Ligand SMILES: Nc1ncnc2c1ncn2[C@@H]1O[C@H](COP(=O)(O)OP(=O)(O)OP(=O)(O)O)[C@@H](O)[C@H]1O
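Quick setup: one chain, the form predicted on its own, written in structure tokens, and binding and motion questions come after.
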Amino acid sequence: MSKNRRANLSVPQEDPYFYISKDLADIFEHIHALSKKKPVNVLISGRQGCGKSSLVRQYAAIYQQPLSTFQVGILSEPGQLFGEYALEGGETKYKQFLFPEAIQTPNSVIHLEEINRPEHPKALNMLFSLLSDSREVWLEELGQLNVAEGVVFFATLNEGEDFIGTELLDVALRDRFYFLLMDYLPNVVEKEVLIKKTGISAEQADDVMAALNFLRGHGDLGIDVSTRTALMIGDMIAVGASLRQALSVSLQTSQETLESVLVGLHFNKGYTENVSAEYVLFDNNFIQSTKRA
């Protein structure tokens, strides 16, 4: 096994500020206990940016299990997870990928990211056998592959008309998973995460939360603000950006919508911000003057 592959099968670092409900934490404890007795597969759905992938990573970190993540969206044919034929030294040889090694590593966590976004639906055919109780598959190039004991398969997906390129997950495949649905954190918890992860003040976090709540309460604006986006906004404020600046570069929306948010903040919280119409020469002198200020 190469050093590079060993690195890919490492245990991720635990996030010290990762919050989930007590009920969900209990469920994960049960999943971990069950995985010691029989094969377990878990499907996680939820809003974009609500922490699905981070949740898988945190599970692996807490239970000290090596994690491997595989992008299902790049698959265009069955067996592509396992390897491919490639020309090497004028000779066609089969090149094995990381996936066979990962599934044969005891107590590892396998994350199938965006499982409902393959380039071709038949690309998932090989997963049926791996996710069954037998946990085995036969490939002509590699022979019989058996999933090691204690391996937990996680799959994450975004569902709905808003997500272009996704497919309805085959019912027979979906039936092999336990199902978890994630949503945004409650305001008080999301605010705490903002403060701890970005270092902004409680007052600044209040302003960010007010902006998020305004957007989430106005579906007509067409902006679904995730916790990931909230952290992006907080990170910008932490390095000196104003709320307007942080919102404008993080929301990827029109100036008109941004103004609607700021007007809403003004009426609800009395928030005001002076916007400079001045233009400056962006050069090294500007950088130095900013540092001095």
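Note that the structure is a prediction, hence the values are computed from the model and not measured. All residue numbers are counted from 1 along the displayed sequence.
The next section is about a form of this same protein that is not shown, the form predicted in complex with this ligand.
Just one of 193, 123, 139, 210 comes within 4.5 Å of this ligand in the predicted complex, counting any heavy atom, and that one is 193. Shown without its partner, this chain lists 260, 53, 65, 248 as candidates; in the predicted complex, only 53 has a non-hydrogen atom within 4.5 angstroms of this ligand.
None of 30-38, 239-247, 252-260, 44-52 except one has non-hydrogen atoms within 4.5 angstroms of this ligand in the predicted complex; the exception is 44-52. None of the heavy atoms of residue 101 is located within 4.5 Å of this ligand in the predicted complex. Though the partner is left out of this view, residue 61 does not reach within 4.5 Å of this ligand in the predicted complex, counting heavy atoms only. When this ligand is considered in the predicted complex, residue 113 lines it closely, a heavy atom lying within 4.5 Å. The shortest heavy atom separation between residue 158 and this ligand in the predicted complex is within 4.5 Å. Scanning 177-213 for heavy atoms within 4.5 Å of this ligand in the predicted complex gives 185, 193, 197 in sequence order.
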